[in-house]
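First comes one chain, alone, set out as structure tokens in the form predicted alone.
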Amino acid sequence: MIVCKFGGTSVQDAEAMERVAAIVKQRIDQRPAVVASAMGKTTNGLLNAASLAADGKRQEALEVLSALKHHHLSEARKLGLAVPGDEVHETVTSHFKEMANIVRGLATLGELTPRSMDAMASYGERLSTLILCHCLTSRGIPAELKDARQFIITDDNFTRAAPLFDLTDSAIREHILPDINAGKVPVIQGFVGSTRKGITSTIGRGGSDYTAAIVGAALEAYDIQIWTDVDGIMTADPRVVPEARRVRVISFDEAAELAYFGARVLHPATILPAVRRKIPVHVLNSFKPDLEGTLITAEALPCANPVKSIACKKGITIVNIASTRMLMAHGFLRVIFEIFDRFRVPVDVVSTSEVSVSLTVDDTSSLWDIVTELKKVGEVSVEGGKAIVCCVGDNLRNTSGVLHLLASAVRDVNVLMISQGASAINVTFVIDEDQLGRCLRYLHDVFFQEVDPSIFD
């Protein structure tokens, strides 16, 4: 069997869902299970409505919901669905009534909790999969709508819940395998789960990819397909570097590094369940279903180029901590990282000296609380408006002079931090965000003047 995940742009409207139906129908002999995201921009709209309500702007929140309801019903009608009285119309209407009640409750309480955010955000996938399932059925595909909250079991860290795999894997097999064996196509919400107490949770933005990998690993699928709106993993962001090329094949390790450091084709955690089961992952374009996309495999293939792709991440903040009291003292780093751990803020890049540490974060929601704690350790300064650039390639470990090439490429760019060695397959550095475009183009010119045709288009 295979798992096909369709992102928000792949199910954004009736036309997109028609393309999905054609893709699924073409793969029916491969016994597909379908995982879908919310229709494009729906999640942002739902969270905006929740935020407006908590700020006391109840009418504005209800107007946002009304526009979203109109969009879902309108696109469903274009598919021949959502006729008053049918299941799609009644269920969509019911879901929006429930969300209106949540909005009224939030407006009364004046507070938006992570649990409430998850309750509201979950409706995006519940709506899209409802419409998609009926679209597939009406086109002769034996689809079966499933509720991911019955088998994606998570902890209670709402908005970033972690799946509990010992419970989740067996629950997936129990709820999905009978449908697959009966020749049906399960249609599953990405991103959504529930706690052991049955409270709706989500596994973080972009989590639909992760859901697909979790389902694929539990069912021992032989392929996981991530359908999106790009041709695959590229050598750089084509919006910044028009000359960017498609990477034909890349390793799990390389793809995971790229995903973590900003490549938006994949959710950073997507790769992990697939790696565990050694299941290949294909990144494909639902707008161009005949393109081969990018294959992600367990082992890296030999490549003449030292770098496979250049990822970047904006919105980075550098935190500098210095303390002469810690000269020759042990435990300095432990104290610092315990503070970040307490506030559940991940750190990307770290640079150290005997008495100082510089590190980067992209989550600043608890930054000033963290800074307050860090000031008990030493002097603290914060620099915003930075970006991370990450050059990734398995051949980096076998190529001498990479730092010289990199230095020549960024000779006109002010590099604030650099990291090589933590991973043998990447070189990471931090720059001012306003220099990012120029930096990416310089690097691409240096590393991709000539390309290995077995790896790149």
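One-based numbering along the sequence shown. As the structure is a prediction and not an experimental result, all values here were calculated from the model.
The form predicted together with a small molecule is left out here; the points below concern that form.
Although the partner is absent here, R115 is not a contact residue: none of its heavy atoms lies within 4.5 angstroms of the small molecule in the predicted complex.
Under a 4.5 angstroms non-hydrogen atom cutoff, the small molecule in the predicted complex lacks V345 among its neighbouring residues. Under a 4.5 angstroms non-hydrogen atom cutoff, the small molecule in the predicted complex lacks K197 among its neighbouring residues. Interface residue remark: W227 is counted as part of the site for the small molecule in the predicted complex, having a heavy atom within 4.5 Å.
Stretch 229-237 is the contacting one of 351-359, 105-113, 229-237, 81-89, since its residues have non-hydrogen atoms within 4.5 Å of the small molecule in the predicted complex. For the marked spot (K313, I318 and T428), a heavy atom within 4.5 Å of the small molecule in the predicted complex is absent from each of the three residues. Checking L130, A263, I176, V281 for any heavy atom within 4.5 Å of the small molecule in the predicted complex turns up a single hit: A263.
In summary, among the residues Q189, T270, S201, S309, the only one with a non-hydrogen atom within 4.5 Å of the small molecule in the predicted complex is S309.
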